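In structure tokens, the next block holds one chain alone, the form predicted alone.
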């Protein structure tokens, strides 16, 4: 784990209200694994006070990318960054996805900004010789960010692009018609979506890992602000920042789904 000032290389809007920010960090690019995240201090001073957590979206040589939508003051400031501006990063943080193992087919399911960890995950899966099918959902077609992915199947809530309905329903339909043996599911998105993915994976006995979001102030387990309930274990709760954000779907309870 490092804490460094890094130089912004580029900020680009890749879909409506969705931006990719790239920065240079040889240390981070060489050590980050799929599913891990960084905590970003947007600017020095007290506004905004807290860091913002972002999944690592993609790594290429010494360049690291994050993806975000503009929802508040911190992301407004990030979207306005220019080449050469400085941000401070803490990372890589969290437990990565399990990309090894004996499975042959990887099923990636992303809802909305749940697309964030998928390009770096897909790259590692390809290097491990896995076949990949990606299911990406959004409210509308102009909110889809699909770069650096392959075999992509699209669902939109309003039917403006691809399947008209939820991304989980699309994945279930596709997999009924095109069964994949020796498969594993990787999913990221809203809690309700993840609960549906978890239930589906259990019903068809496919191993499944979920990447969760949490209300992270510190990202390193001090503030205790990002608990998720365990199904069993020595303690009732796990922290998303230090024991996640990736979890085996059979080990946690998704409340509020």
Partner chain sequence: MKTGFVLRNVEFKNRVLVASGTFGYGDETRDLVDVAKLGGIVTKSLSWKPRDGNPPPRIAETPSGMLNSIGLANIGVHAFIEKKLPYLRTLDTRIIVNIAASSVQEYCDVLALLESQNGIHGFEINVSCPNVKEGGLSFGTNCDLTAEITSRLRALTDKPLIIKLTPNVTHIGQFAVAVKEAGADAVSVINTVIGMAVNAKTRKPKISTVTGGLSGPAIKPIALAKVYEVAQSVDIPIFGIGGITNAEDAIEFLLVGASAVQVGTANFIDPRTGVSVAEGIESFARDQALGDVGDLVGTLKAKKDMSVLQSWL
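In this text the structure is predicted, and so the values were computed from the model without any measurement. Positions refer to the first chain, counted from 1.
Keep in mind the form predicted in complex with its partner chain is missing from the figure; the text below concerns it.
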Options 57-65, 210-218, 28-36, 195-203; stretch whose heavy atom lies within 4.5 Å of its partner chain in the predicted complex: 210-218
Answer option from 73, 131, 164, 148, heavy atom within 4.5 Å of its partner chain in the predicted complex: 73
One residue of 87, 107, 175, 113 in contact with its partner chain, assessed in the predicted complex (non-hydrogen atom, 4.5 angstroms): 113
Residues 92, 96 and 184 all lining its partner chain in the predicted complex, heavy atom within 4.5 Å: no
Contact flag, residue 235 vs its partner chain in the predicted complex, heavy atom cut 4.5 Å: yes
Its partner chain contact in the predicted complex: residue 222, any heavy atom under 4.5 Å: yes
Contact flag, residue 49 vs its partner chain in the predicted complex, heavy atom cut 4.5 Å: yes
Its partner chain contact in the predicted complex: residue 8, any heavy atom under 4.5 Å: no
Residues of stretch 126-155 in contact with its partner chain in the predicted complex (4.5 Å, non-hydrogen atom): 139
